[in-house]
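Quick heads-up: it's one chain on its own, the form predicted alone, in structure tokens.
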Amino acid sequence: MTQTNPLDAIGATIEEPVLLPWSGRRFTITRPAGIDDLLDRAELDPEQNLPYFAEIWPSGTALADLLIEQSEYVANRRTLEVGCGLGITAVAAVASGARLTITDYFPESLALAGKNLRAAGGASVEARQLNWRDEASITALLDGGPFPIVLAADVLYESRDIAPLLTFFDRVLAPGGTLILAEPGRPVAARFLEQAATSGWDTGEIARHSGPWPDPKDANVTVGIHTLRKFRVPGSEFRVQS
């Protein structure tokens, strides 16, 4: 049986330059020229996940910039990126020496991220399609053990994401590991951080990044970049809900 190439399913694409403001690094990122077809397919998705991956978001750009400037976070470390989108953060993580696994719900995202990594001269990375609400998907991801570093940019859009993401991060983060979360000030992200703090996570903000961003409509966005570490108290661990 012939398998469909996810890149073919995306349709027309455009190449867009991305400047990382702090480091001055420039990447050329391929992204969908439009998302109408992707939105039509999302209506049939039982999870009702929207194709957020198709945009260049400030949070992914900010996290990429931080990793270039402070490569010690990921250099020569097994690193998991949750929701890799177009691969902007992945390109920076690989350039900073991460031994990276990228994940996303959408195969189109993984295909575009891989294309952008190759275009940037990045080393090959492991790519996994992931549904972080699904036990089998999480178990498969952890076949090499939990990760000491987990990266996530712009993964919090809806309140329904808070509890399963806390559960998921607890599963995939190794003891003593660090989750680096970038978010643009959405209320749902604030609630996530509050619930994490009351559930045994140590949370702190390591940077605030105000751009400028590739899309002028994001001119007033400031991204908070947070570290989260879990202090495990017996009986307090999250469990995946069936």
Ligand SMILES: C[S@@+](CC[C@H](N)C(=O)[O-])C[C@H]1O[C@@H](n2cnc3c(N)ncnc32)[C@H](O)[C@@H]1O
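Bear in mind that the values here come from a model prediction, so they are computed numbers and not experimental data. Residue positions are given as counts along the sequence shown, with the first one as 1.
The form predicted in complex with the named molecule is left out here; the points below concern that form.
Visitor: Could you tell me which of 111 to 119, 69 to 77, 150 to 158, 93 to 101 sits within 4.5 Å of the named molecule in the model of the complex, going by non-hydrogen atoms?
Guide: Comparing against the named molecule in the model of the complex, the contact stretch is 150 to 158.
Visitor: Any of the heavy atoms of Phe169 lying within 4.5 Å of the named molecule in the model of the complex?
Guide: Although the named molecule is absent here, Phe169 would stay clear of it in the model of the complex, with no heavy atoms inside 4.5 Å.
Visitor: Is there any non-hydrogen atom of Leu130 lying within 4.5 Å of the named molecule in the model of the complex?
Guide: Leu130: yes, in contact with the named molecule in the model of the complex.
Visitor: Please check if Asp215 has a heavy atom lying within 4.5 Å of any heavy atom of the named molecule in the model of the complex.
Guide: Although the named molecule is absent here, Asp215 would stay clear of it in the model of the complex, with no heavy atoms inside 4.5 Å.
Visitor: May I ask you to check whether Trp57 falls inside a 4.5 Å heavy atom distance of the named molecule in the model of the complex?
Guide: Because a heavy atom of Trp57 falls inside 4.5 Å of the named molecule in the model of the complex, the answer is yes.
Visitor: From first to last in sequence, which residues of 164 to 178 have any non-hydrogen atom within 4.5 angstroms of the named molecule in the model of the complex?
Guide: If the 4.5 Å heavy-atom criterion is applied to the named molecule in the model of the complex, 164 to 178 yields nothing.
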